[in-house]
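Quick heads-up: it's one chain on its own, the form predicted on its own, in structure tokens.
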């Protein structure tokens, strides 16, 4: 695999979205994992629905609305202070354990993030994780006011980095995102940490890995 630039998805790929579970447990004992799973599922659904309806709200708003839904669906009472405490966890999600060292090894290439996150969310998250120095660019869909997997979003990465799509490896843990990036023309690596099934969307990733540790051996 000949790769000159690498573009990463952020949420679920570099950062563990379910690292919010511990904070959820503080307020709602025994419900943390359930809250987190509903929260994440609705977060994704709302990006797709808002894109289709042409009713864009930034990812901070979408993440808030998804949290409100999760709490209501589980009939959990909360006030604004509790919701803001939980929402702010998205600014300090834990990177997966191998991520910092793997990025250090890969930084001889042009590294970037391309994410649904709003600019402030992404920059704060990356900075809090101590990873800012590793990326040439942190790119948000907010420039276009539409979410992945819209093809124009992937074009943002090409345009901002000044690279060719065929020389670029896009890495994500989300099968729908991998399918979008492959359809666009990127080389694609799917991180399948949890032995999930890839989506049936007529395309397949070029490589499948269980963690970023495996990536260096796959590319030249």
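Residue numbers count along the first chain shown, from 1. Source: prediction; values computed, not measured.
Here the subject shifts to the form predicted in complex with a further copy of the same chain, a form of this protein not shown in this document.
Novice: For the three residues 3, 135 and 143, verify that every one has a non-hydrogen atom within 4.5 Å of a further copy of the same chain in the predicted complex; reply yes or no.
Specialist: The answer is no; none of 3, 135 and 143 reaches a further copy of the same chain.
Novice: Let me know the one among 58, 167, 37, 45 whose heavy atoms come within 4.5 Å of a further copy of the same chain in the predicted complex, would you?
Specialist: Exactly one listed residue reaches within 4.5 Å, namely 45.
Novice: With a 4.5 Å heavy atom cut-off, would you call residue 180 a contact of a further copy of the same chain in the predicted complex?
Specialist: Residue-level check for residue 180: yes, a contact with a further copy of the same chain.
Novice: Hey, in the predicted complex, is residue 176 touching a further copy of the same chain, heavy atoms inside 4.5 Å?
Specialist: Flag for residue 176 set to yes.
Novice: Whether residue 159 contacts a further copy of the same chain in the predicted complex should be assessed with a 4.5 Å heavy atom distance threshold; does it?
Specialist: Output for residue 159 is no: heavy atoms all beyond 4.5 Å of a further copy of the same chain.
Novice: At 4.5 Å between heavy atoms, is residue 41 in contact with a further copy of the same chain in the predicted complex?
Specialist: Within the cut-off, so yes.
Novice: Could you list the residues in 197-215 that come within 4.5 Å of a further copy of the same chain in the predicted complex, counting only heavy atoms and keeping sequence order?
Specialist: Contacting residues: 197, 198, 199, 200, 201, 202, 203.
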